[in-house]
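Presented below, as structure tokens, is a lone chain in the form predicted on its own.
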Amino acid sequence: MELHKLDRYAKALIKEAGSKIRHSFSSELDIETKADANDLVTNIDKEIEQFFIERIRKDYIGHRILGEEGFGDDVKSLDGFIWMLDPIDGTMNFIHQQRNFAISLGIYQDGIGVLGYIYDVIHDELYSAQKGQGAYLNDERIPMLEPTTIPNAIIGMNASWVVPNHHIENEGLIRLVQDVRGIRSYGSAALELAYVSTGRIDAYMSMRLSPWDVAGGIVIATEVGAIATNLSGQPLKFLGQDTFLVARKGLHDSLLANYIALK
């Protein structure tokens, strides 16, 4: 497979999808809930995923699609080419704010991320990477990340994990909040990965993410020297939900060793 050709194709598809999303702002949304009252999906999420799937199946026969809205393939293995797609990552932001959401896409070959994309639709910022070729924001190469320390770090984290919960020891996260320079939460895992990759924040963690949330961002983040694992420090498996941590190299180890303890 010629990855440069596939890269150009994917970028064109993403930009076309972004245009469709922007044009949807003038229309009334059909909003539904999924797993719970805060897990939202709109007709636009569904339409954009179907747009991708229709084009990919026509132009890349044999490639499989793992999409959030369930219109893709029933993926049980990572063999071959798999497109891991979230048509609108940050649907709640899309509904309430019409900003702070992104198209997230990772293209994996036999379980290895070879192409990654995050498209901030509103700001027309396309973060992209090809394995071994560096990462880019639009046409500008993103520099490698420099080391930082906990006191100088800004961490992306949902505040709900700092209160007592069933997933993680919150006392460690309380200490983290006290020790770091700042905490941020943007409501889109894809954008938080983009911000780690560009140094806008220094780390991002979550208790429960799906492959399509992070597949594209991991390719981008690793190209600039970030480390991405689950909260046990193990590689992600991409066939189900998992905890997640991405951070600059030294910061990643420090967070796992001193602040994060799963229940």
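On a predicted model such as this, the values are computed, not experimentally measured, just so you know. The first residue of the shown sequence is 1; numbering continues from there.
Not on display, but discussed next: the form predicted together with D-MYO-inositol-1-phosphate.
At the 4.5 Å threshold, heavy atoms of K58 stay clear of D-MYO-inositol-1-phosphate in the model of the complex, well away from it. When D-MYO-inositol-1-phosphate is considered in the model of the complex, E68 lines it closely, a heavy atom lying within 4.5 Å. The closest non-hydrogen atom of L209 lies within 4.5 Å of D-MYO-inositol-1-phosphate in the model of the complex. Residue contact check for G113: none of its heavy atoms lie within 4.5 Å of D-MYO-inositol-1-phosphate in the model of the complex. Stretch-level contact check against D-MYO-inositol-1-phosphate in the model of the complex with heavy atoms at 4.5 Å: of 145-153, 183-191, 75-83, 162-170, the positive one is 183-191. Of all the residues from 53-90, those having a non-hydrogen atom no more than 4.5 Å from D-MYO-inositol-1-phosphate in the model of the complex are E68, D86, I88, D89, G90.
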